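There is one chain below, alone, in structure tokens, taken in the form predicted on its own.
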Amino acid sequence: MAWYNEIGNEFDTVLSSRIRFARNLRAYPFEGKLTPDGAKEIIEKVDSAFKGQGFKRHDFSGGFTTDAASLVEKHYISREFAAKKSPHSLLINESTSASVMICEEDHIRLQTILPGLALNEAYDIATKYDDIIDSSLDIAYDEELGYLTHCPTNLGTGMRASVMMFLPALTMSGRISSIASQLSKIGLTMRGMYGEGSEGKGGIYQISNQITLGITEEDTIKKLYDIIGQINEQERKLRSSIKGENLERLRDTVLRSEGILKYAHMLSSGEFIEHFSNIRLGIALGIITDISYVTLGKLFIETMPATLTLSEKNAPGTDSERDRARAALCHSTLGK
């Protein structure tokens, strides 16, 4: 998953862009009343619709597993989807950064995630696959309400557009709560990196639309572009205002974080996120020049607990073993 592989530019505050469509089959009840047999039928119908489109299928049952947790860390699936015990499946097309959760809250959750500020591009890809859904399946749609969804807040377009932003300067200045409050007044919301209920760790936040009824997909995306531009400008102004003694103290913090990631013997995921945030800000400010956004972004995903466990030849069975494996990976990647 390459959603952190953005390049540095004037919108280097934006880590990734996502478009997600919620769709349901007309002939089946919503998730709350859907039987296991009904779920299996939906899975087969959706899988059949995407045949020949380059998607690989993953079937789940029995609740939360390490494999599922890794897919959550990579943002392919939600935590709720990972924890489900009834039949549910995932389709992934890595070449187009598209995935389809089948039988999550809605029968179909189609999403595309691209690196950087690329909402329009993500929308184009998602729309291509949504057209396949519309032409192959009988989707629940009402002329007045639009797409019918399990949760009324998704009625209408059924689309959630979001961007993941890195906002360390705004976080340090204590302005995040004010920004979140302002966003809620115009139909947008700010959450942590894993969506609803998650924290904004490491200065990373997800900004998305709340309103899907009475507004077009294009207008939603335009609104997000406008707001992201404003937040990006605020963050960059704050960064450029760090001077003198404050800059020297920040330089010390950044270089200490670099040293820890390169040479620590043990490293928890929480510690990694803290130092990741410091180093990424250091790259943006020119304090660190020998680590790229791409390298740091890949490391972010690879050091997450479940993904790290799956990647190790001798899977770490305890937190201490995982912390040593995480530190070793950071050392081998950055300490060259």
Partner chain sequence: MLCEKCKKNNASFFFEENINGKKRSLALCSECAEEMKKNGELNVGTSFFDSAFIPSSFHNDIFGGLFSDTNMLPKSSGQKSCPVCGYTFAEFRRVGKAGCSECYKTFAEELAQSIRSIHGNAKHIGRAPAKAKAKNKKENELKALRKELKAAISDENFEQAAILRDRIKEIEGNM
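Quick caveat: nothing in here was measured; it's all calculated off a predicted structure. Numbering follows the first chain given and starts at 1.
Omitted from view is the form predicted in complex with the partner chain, to which the following refers.
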- Message: To verify the annotation, which of these, Ser86, Ser136, Ser173, Thr153, has a non-hydrogen atom within 4.5 Å of the partner chain in the predicted complex?
- Response: Thr153
- Item | Among the candidates Ala264, Ala118, Ala140, Val254, the residue which, in the predicted complex, approaches the partner chain to within 4.5 Å (heavy atoms) | Ala140
- Using a 4.5 Å heavy atom cut-off, state whether Arg23 contacts the partner chain in the predicted complex. yes
- Message: Taking the partner chain as it sits in the predicted complex, is Ser99 near enough to touch it, meaning that at least one heavy atom pair lies within 4.5 angstroms?
- Response: no
- Message: So in the predicted complex, is the partner chain close enough to Lys33 to count as touching (4.5 Å, heavy atoms)?
- Response: yes
- Message: Contact with the partner chain in the predicted complex for Gly214, defined as at least one heavy atom pair within 4.5 Å: yes or no?
- Response: yes
- Proximity to the partner chain in the predicted complex (heavy atom, within 4.5 Å), stretch among 178-186, 244-252, 227-235, 156-164: 156-164
- Message: On the criterion of a non-hydrogen atom at 4.5 angstroms or closer, are Glu274, Ser277 and Pro305 all touching the partner chain in the predicted complex?
- Response: no
- Query: Along 121-140, which positions have a non-hydrogen atom within 4.5 Å of the partner chain in the predicted complex?
  - Reply: Tyr123, Thr127, Asp130, Asp131, Asp134, Asp138, Ala140
